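Presented below, as structure tokens, is a lone chain in the form predicted on its own.
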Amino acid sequence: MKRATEPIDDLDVGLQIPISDIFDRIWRLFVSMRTGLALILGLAVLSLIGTLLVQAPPEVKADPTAYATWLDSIAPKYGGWTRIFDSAGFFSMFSSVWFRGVTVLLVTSIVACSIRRAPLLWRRAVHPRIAMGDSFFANAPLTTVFGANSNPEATLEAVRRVLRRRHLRVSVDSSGGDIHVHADRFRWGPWGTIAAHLSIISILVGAVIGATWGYRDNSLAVAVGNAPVAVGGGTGLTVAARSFSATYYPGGSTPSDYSSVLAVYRNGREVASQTVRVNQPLQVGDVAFHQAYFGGAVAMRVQDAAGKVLFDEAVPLLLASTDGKESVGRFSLPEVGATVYVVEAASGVVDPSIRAGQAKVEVYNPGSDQPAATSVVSQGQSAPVAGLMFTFVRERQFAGLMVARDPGAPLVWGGAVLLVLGIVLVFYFPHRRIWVRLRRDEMHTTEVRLASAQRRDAGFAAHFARIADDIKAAVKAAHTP
């Protein structure tokens, strides 16, 4: 028969941790001020990394090929750290798992602290403690004592009148031998800390929502007169530029103002139209269209040998040659599987091969880095290139737009309003509390003690002294034999 053995000491006993103890430890971790400060520091460090390192544009992150090309372009700057930073998500810091994780932990910590603090603030505001002991009156930062030649009841009425004249809420407890008075003002002021906590939560959540489900395109080029261009990002919108205008400072090189008349469409129906400037965007729901830059465009018509029009739009000259002497635009001809580059001399540059009013056309076949055919076309004229007929219709302008869709923006703005409200409540409406105790002494007069534990209100000491002087005068006037 096998005999049961008993554990020699506690080391032989299996580890047993009550579930309640686990939750208690987690709760104390999140309500700890050290935890909150550590998370704020961690978020600040991640934000600093995201600010110092180049961040991948949103339109690049959505295209693996474009992202790989972008990584190659920044490799000379970061050297061997490029792949390490990429693997850690540092080039997309504000949408990385690190940033989101720390944000979630910080929000959880703030919520826990608010839940812990709210009941205390509620009790102070609705059910304040009226009776205080001798040690409080002896050790309070602000305290004074004097005698009154009147009975406690008459003294109480004088005290009550003074406090109410000072716009203080007065509560009285006379259940014991002494009469205790609690007076306060701005009892909802401390709730400004809760408002500030909620504001931080709202801002952080709004930022995460914007980084996760938002959309931003900093280089949407819309040529004047072209068909509406798809905005992308799941917005379901298209945008067209009806006109463009620019004014220049004396000398003609620096623009003093430029604007575009934009029309936005949804399902082919116009939903908004407005003149857009740098600081005057067009807002369509949660999508904003900002005027960011502008440039020249070449209106080009392409026809095949049968006369069928394959392309008839203005091509924005968004790119530049490596030497900066040429402005380049690009478009595709899927019907023939070719890519076409349109080249003009850059503004202020004289190019003997491309004179004013001319554009060079280069046609590339798939997989080739050398043009299959090139030709210089004058404005208003046509020229055959690679079996196609290219017509340089005219020069136009394009509007460079920055399109931003931020579904978290209302939360961020709401959080900003809450933050201002919380600051105003905390600093301009501090909760001011005074306790008064009336006790009949051995000489059959009334001992009046005033005290306040206000520590962080610099102007309250003088206010407390004035209230004490007013009570002394009122009690003296209420003298009863």
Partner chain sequence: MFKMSEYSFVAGTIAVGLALACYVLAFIAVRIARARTGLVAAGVGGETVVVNGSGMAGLAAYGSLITSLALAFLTMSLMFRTIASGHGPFVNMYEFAIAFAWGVVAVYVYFEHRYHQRMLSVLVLPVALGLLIYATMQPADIEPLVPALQNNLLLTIHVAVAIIAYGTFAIAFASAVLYLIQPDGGIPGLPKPEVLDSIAHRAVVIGFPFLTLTIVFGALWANIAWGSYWSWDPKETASLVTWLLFGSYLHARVVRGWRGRRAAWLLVIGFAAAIFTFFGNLFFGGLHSYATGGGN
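Here the structure is a predicted model, which is why all the values come from computation and not from measurement. Rigid core (definition): largest C-alpha set, two forms, superposition within 1.5 Å. Residue numbers count along the first chain shown, from 1.
The form predicted together with its partner chain is left out here; the points below concern that form.
Considering its partner chain in the predicted bound form, the lone stretch of 131-139, 403-411, 160-168, 384-392 in range is 403-411 [heavy atom distance within 4.5 Å]. Residue contact with its partner chain in the predicted bound form: Gly214 places no heavy atom within 4.5 Å of it. Although the partner is absent here, Pro255 lies within 4.5 Å of its partner chain in the predicted bound form, judged by heavy atoms. In the predicted bound form, its partner chain sits beyond 4.5 Å of every heavy atom of Ala230.
Taking the partner from elsewhere, Tyr293 is found to have a heavy atom lying within 4.5 Å of its partner chain in the predicted bound form. Comment: its partner chain is not present in this chain, but in the predicted bound form one of Ala416, Ala62, Ala68, Leu29 has a heavy atom within 4.5 Å of it, namely Ala416.
The contact residue chosen from Gln370, Thr322, Asn279, Asn267 relative to its partner chain in the predicted bound form is Asn279, the criterion being a non-hydrogen atom within 4.5 angstroms. Using a 4.5 Å cut-off on any heavy atom, the residues of 188-215 that reach its partner chain in the predicted bound form are, in sequence order, His197, Ile200, Gly206, Ala207. Superposed on the core, the two forms differ at Leu106: its CA moves 2 Å or more between this form and the one not shown. For Pro430, the Cα coordinates differ by under 2 angstroms between this form and the one not shown after the core has been superposed.
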